[in-house]
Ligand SMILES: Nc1ncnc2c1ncn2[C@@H]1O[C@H](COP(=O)(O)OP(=O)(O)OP(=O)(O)O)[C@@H](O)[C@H]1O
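First, one chain by itself: the form predicted on its own, in structure tokens.
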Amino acid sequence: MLDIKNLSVRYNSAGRVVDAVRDVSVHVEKGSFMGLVGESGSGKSTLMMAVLGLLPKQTEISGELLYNGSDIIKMSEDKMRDLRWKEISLVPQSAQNSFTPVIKIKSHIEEVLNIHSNKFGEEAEKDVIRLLGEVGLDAGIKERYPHELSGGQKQRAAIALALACSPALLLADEPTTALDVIVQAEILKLLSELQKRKDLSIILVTHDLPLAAMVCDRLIVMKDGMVAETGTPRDIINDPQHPHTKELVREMFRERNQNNG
């Protein structure tokens, strides 16, 4: 489905050069749930923006980003607009970033359906209700404004919005940030259920190794713009190879011991 081959991304800003991604190769299979784990500045969000074709214009990018055999890097903006939402969709780092405060939830989802699926009126409204139901929200949520929702409800609505056009690949960029532990678990459970029910491919971007290990079938650990290690959650946790991965695992067990103590 998605083959990232020897991808490098370099930012040029005010005379400062930053190599955000360096020679990264990743394969994402259809129906897989992959965790992209790394600290801030490791390059994981840049990698996701590259997949969406949303890097700043002055950015230098090399390598290949093959989605079903077509190179995203070489696509025109018109072709990328067709790809976004319909094939690849994003749940952004903060659910609030998905919504305009003065517009109801219904209108946000209907706008995506209007533009990208050519659905209007009653047909669009039915889809809004269906999508909200799929993420565990009551139909009445559609008439609310974003600020009237709890953090968990807002995150579920953001996932519904991302699923509006039935994409095949969902990019979830730190989807549990700022949520309490119980709500985090609920959102992860929801993503896992949706992945199985819809045969979705999901890339979960997170700094939290134990969180990714809970739901993902494969992990990629990034450090300083490069892939440090890949493997199943069991392999990564039981037998980490890279020094950075070993430190992440040690920190995971330290926190677990403190919580149990």
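Predicted, not measured: the structure shown is a model, and the values here were computed from it. Note that residue numbering begins at 1 and tracks the sequence as displayed.
The next section is about a form of this same protein that is not shown, the form predicted in complex with the named molecule.
Colleague: Which single stretch, out of 188 to 196, 43 to 51, 209 to 217, 226 to 234, brings residue heavy atoms within 4.5 Å of the named molecule in the predicted complex?
Modeller: After filtering at 4.5 Å, what remains is 43 to 51.
Colleague: Taking 4.5 angstroms as the cut-off for heavy atoms, does E39 touch the named molecule in the predicted complex?
Modeller: Yes - in the predicted complex, heavy atoms of E39 and the named molecule come within 4.5 Å of each other.
Colleague: So, in the predicted complex, is A20 in contact with the named molecule at a 4.5 angstroms heavy atom limit?
Modeller: Taking the distances in the predicted complex, the answer for A20 is yes, it comes within 4.5 Å of the named molecule.
Colleague: Just to confirm, Q93 within 4.5 Å of the named molecule in the predicted complex by heavy atoms?
Modeller: Contact check for Q93: yes, within 4.5 Å of the named molecule in the predicted complex.
Colleague: Report whether the minimum heavy atom distance between S13 and the named molecule in the predicted complex is within 4.5 Å.
Modeller: Looking in the predicted complex, residue contacts with the named molecule include S13, since a heavy atom lies within 4.5 Å.
Colleague: The named molecule isn't shown here, but in the predicted complex which of E174, D127, E111, E134 has a heavy atom within 4.5 Å of it?
Modeller: It is E174 that has a heavy atom within 4.5 Å of the partner.
Colleague: For the heavy atom contacts within 4.5 Å of the named molecule in the predicted complex, list the residues of 198 to 230 involved, in sequence order.
Modeller: Read in sequence order, no residue approaches the named molecule (within 4.5 Å, in the predicted complex).
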